[in-house]
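To begin, one chain is listed below as structure tokens, in the form predicted alone.
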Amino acid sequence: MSAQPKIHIPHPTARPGEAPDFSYLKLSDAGSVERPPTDAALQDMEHLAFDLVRVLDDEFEAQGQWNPELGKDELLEALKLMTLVRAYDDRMLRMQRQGKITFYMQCLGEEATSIGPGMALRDSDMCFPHYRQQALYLMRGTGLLNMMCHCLSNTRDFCRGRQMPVFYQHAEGNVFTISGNLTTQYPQAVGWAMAAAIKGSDDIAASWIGDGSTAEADFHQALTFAAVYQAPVILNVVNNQWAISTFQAFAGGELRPFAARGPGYGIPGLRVDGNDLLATYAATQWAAERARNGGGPTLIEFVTYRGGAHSTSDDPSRYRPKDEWSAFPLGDPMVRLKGHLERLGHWSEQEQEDLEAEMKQHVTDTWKEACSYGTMTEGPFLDPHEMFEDLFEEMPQHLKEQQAEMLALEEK
């Protein structure tokens, strides 16, 4: 009898109460993957979508051709920023649990996917992030105080209370507004990159999405435009293994790496250790040089792990083992960066403890200042009249009537 057709339902390798199982991850030894020239032909580097670009080995020593050989000051600045983001994340999560803000999303465990690329890009390059790029916003000058005030939706909120918390924006720093509609930033980044090329600029665009967002139509449309028009853009997929509560296999990660979707469109794909700051920097540096020299787009998959919940609305203990992050084979990006600095003789455990205390105090002091501009329960409060502003060049009649109605109620 011939076999009957059947559908396949992806399943996570471990559920709550079970031992974590990352046997599905294909890893490469640090330094074992060669770094091709930036003008290499696609057919000569398709394997890079399946191998894993790694620089730091298990002893925190840099290995191989992808080693960007960052200096002491650059490494220390990256560690300082990573430590600050951890302190900020922790404070804002606790503030949400205490009812001080309505919503928050951590980037715990994914910091290197922002900091490395952010260091490798120019300030004039345009970034189209998703909601776990806290570090990128800080690097581009958004300011910790402004980010906190936004989460509080207070009188200093740059969105003036019109956007969900963690949906930051910073036009002056060339960082686009975060959108809750997943993957819209991909075609936006491609369009910006095409426009920059038409203008004769060598600035490029970079965008970030999660693994689950690769199932959205915008992902495929963006790759089509990027490939056809050879847009100077870096398209990052942050594969943190989970899209809210669904395992990355539901977006197709079980079949092939997300980076392998690039060659199918004629775009180079790089699969990169997302918890290795040196690797994320090096991969972005390579892709940026290729784009600026007319080589077109690159699709980068950062293999990482979401250390916390998807958001404060999520309970990951319902769908994955509680100790899964501690078992992740690529480790903690901050531990690895710190270990690398210690190995070079530039850092110590005591200096790390002092830095963490300093960053925690800085976050605490900044939070107190942010609250002075208002909270959800204590003034000053946003002027309700602002809801009618910045919507139309000329206010339409129905809004004029609503505004007049509000003024009449206030006079009573």
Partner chain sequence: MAQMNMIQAINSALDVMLERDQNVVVMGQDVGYFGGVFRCTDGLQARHGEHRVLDSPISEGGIVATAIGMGVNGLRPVAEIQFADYIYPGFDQIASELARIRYRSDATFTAPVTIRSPCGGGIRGGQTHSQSPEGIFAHVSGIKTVMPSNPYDAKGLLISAIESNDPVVFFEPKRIYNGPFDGDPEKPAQSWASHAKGEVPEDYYSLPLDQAEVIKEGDEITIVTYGTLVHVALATAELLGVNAEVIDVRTLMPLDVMTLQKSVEKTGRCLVAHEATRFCGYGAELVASIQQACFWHLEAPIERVTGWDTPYPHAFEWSYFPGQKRMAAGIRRVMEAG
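Positions refer to the first chain, counted from 1. Keep in mind the model is a prediction, meaning the values are calculated, not measured.
Not on display, but discussed next: the form predicted together with its partner chain.
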In the model of the complex, do 27, 344 and 372 all reach within 4.5 Å of its partner chain through at least one heavy atom apiece?
no
When the contact criterion is heavy atoms within 4.5 Å, does residue 318 count as touching its partner chain in the model of the complex?
yes
State yes or no: in the model of the complex, is some non-hydrogen atom of residue 378 no more than 4.5 angstroms from a non-hydrogen atom of its partner chain?
no
Touches its partner chain in the model of the complex: residue 61 (any heavy atom, 4.5 Å)
no
When the contact criterion is heavy atoms within 4.5 Å, does residue 45 count as touching its partner chain in the model of the complex?
no
As a check of understanding, the residue in 322, 162, 80, 122 with any heavy atom within 4.5 Å of its partner chain in the model of the complex should be identified as 162
Tell me, which of 240, 284, 153, 185 has a heavy atom within 4.5 angstroms of its partner chain in the model of the complex?
153
Where does its partner chain sit in the model of the complex: which of 364-372, 378-386, 48-56, 351-359, heavy atoms within 4.5 Å?
378-386
Within 392-412, which residues have a heavy atom closer than or equal to 4.5 Å from its partner chain in the model of the complex?
398, 399, 402, 405, 406, 409, 410
